[in-house]
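Read the single chain below, which is given as structure tokens and is the form predicted on its own.
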Amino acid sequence: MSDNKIIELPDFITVRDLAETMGASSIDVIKKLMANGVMASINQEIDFDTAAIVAEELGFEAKSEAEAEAEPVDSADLPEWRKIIENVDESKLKRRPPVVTILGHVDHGKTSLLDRIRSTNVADGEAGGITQHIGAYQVTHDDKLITFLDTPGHEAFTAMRARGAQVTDLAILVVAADDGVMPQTKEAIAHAKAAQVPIVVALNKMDKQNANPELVKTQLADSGLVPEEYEGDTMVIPISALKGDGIEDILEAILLITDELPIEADPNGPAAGTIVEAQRNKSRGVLATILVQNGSLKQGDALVAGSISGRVRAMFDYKGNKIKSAGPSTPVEIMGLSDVPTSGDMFESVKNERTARKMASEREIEAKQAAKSKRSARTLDQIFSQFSKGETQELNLIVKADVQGSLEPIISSLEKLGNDELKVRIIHSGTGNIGENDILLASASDAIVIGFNSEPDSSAKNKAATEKVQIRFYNIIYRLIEDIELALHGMLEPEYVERATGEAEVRAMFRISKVGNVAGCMVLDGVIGRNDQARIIRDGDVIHEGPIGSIKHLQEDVAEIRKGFECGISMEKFNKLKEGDIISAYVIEEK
């Protein structure tokens, strides 16, 4: 084993940075390069292989950062089915078919590609194409099965992931060669990258006269998917879904990439998997499309999915054929659940219906308790605390700005923040308003949404409240960068917000000895508390702002007074209240 000190290097590094990483002189590094026939200045970039040779000659062993990140998977990163199936025997795990999702802009040919892949697998003599009965299907290529999940879009893909379901092994990104990378394409890239699945680009519509593949490849590189011919690691495959060109190449690429992935399951173990979608049918009851991820689900099996239980009364494959059993990576439609389960919920088979009902009941109670004590939104001022406890190593951000001119310097500045221990990771960035899709991605990625002169629409606000996602707004770039930097160093001051509590109208004035002027009021709205702050509004103008001194009801001091009640209110350091004045009370709270 080598005694050389191990260092981690990126794919490209400047001579100066390489020297600093090794603690060596830049001159020594340049001399070693010259000895190996490479003429480079101190600020010139060299590739990893060249840097590794120089490092070895100076007593170091270089490893690529990509390899260093590919550490052994711990229990937290195991597939969800591994977390609900106890005592998995590793020796019984076998290769399973890969599961593939196709994403892309709505008009770029996603549906056409799905249809073309299906039609190439129609058996000889079978009339017409295969009718898709469920939102998933399987094809065979080189005697190997591939499962395709036909999600409606990257929103559904991420909504399932937000519930803990990680069902996809690889994503096919469809991009039209005549249209290029669109905003929806960038969103799909962000969602697939956040899910940390490999991406293959299907460059569609190559049959069109105005196809411009080189321009699209440049756009892809700018979006973080660098094609292989640009010395990147993204396979970009030209196809024509209309004519059927390149379909075999897509299937080959799927098998080539997924053959390198550790996708395994125990076909003879307990059945477990994910609910893909579900609905109630008037004549057939609850129908659920599921993906079996471990074991073999059989007709008659009792199962529980979330807080729903049932028994598999009937099971159908993607062609609509009735089947008795389904193994790993098999999509099927089942009948027999007691209610409609939620997309993304995990299911597992159990020994009998009684056990299933008991487990479902217990989970329902747990869900209600969890709803009462919902986790608070992950906020910037919590990040350093979580990092200190070893709970996080990165700050995930989604950044939306009003214009591209603002977005670029923000992204550039944010990417320079952080260090080797606590990193800033920009999950997605774009221009325009903050949408529901941004909130979904933030929820699934445990990210904070940053808006620069960008506001959320109403559906995004509602989704953020439901999913407990924090949105922070800025209109000054340096303030945005400063807040993120302070959060990374654990020095971010709490954010305070004003909350209106109540409003009262002055109906009469009284003079009370030892107290002074007291306003006889009627509370018009809310609750006014003795510790509240208040603004005195006269003829539409604020004439005073300060703390409330006292509140009396029937000559008694009270802590608060509610809407519809009369009271006496005095203000601290202000005795000029008049009839008709409005007392608008509020409190300042830490957000």
Ligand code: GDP
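Predicted, not measured: the structure shown is a model, and the values here were computed from it. So that there is no doubt, residue numbering starts at 1 and follows the sequence shown.
If you look for the form predicted in complex with this ligand, you will not find it shown, but the lines that follow are about it.
Non-hydrogen atom contact Leu242 with this ligand in the predicted bound form at 4.5 angstroms: Yes, Leu242 is a contact residue.
Taking the shortest heavy atom distance, is Pro341 within 4.5 Å of this ligand in the predicted bound form? No - in the predicted bound form, heavy atoms of Pro341 and this ligand never come within 4.5 Å of each other.
Is it the case that Arg363, even though its partner is missing from this view, gets within 4.5 Å of this ligand in the predicted bound form, heavy atoms only? Outside the cut-off, so no.
Given that the partner is absent here, does Asp207 sit within 4.5 Å of this ligand in the predicted bound form, heavy atoms only? Close contact exists here: in the predicted bound form, Asp207 approaches this ligand to within 4.5 Å, heavy atoms only.
Which one of these stretches, 345-353, 111-119, 292-300, 445-453, sits within 4.5 Å of this ligand in the predicted bound form when only heavy atoms are counted? Flagged stretch: 111-119.
Could you work out which of Ala465, Ile476, Val497, Val106 is the residue within 4.5 angstroms of this ligand in the predicted bound form, going by heavy atoms? Checking each option against this ligand in the predicted bound form, the one that comes within 4.5 Å is Val106.
Counting only non-hydrogen atoms and a 4.5 Å cut-off, give the residues of 168-203 close to this ligand in the predicted bound form. Going through 168-203 in order - heavy atoms within 4.5 Å of this ligand in the predicted bound form - there are no hits.
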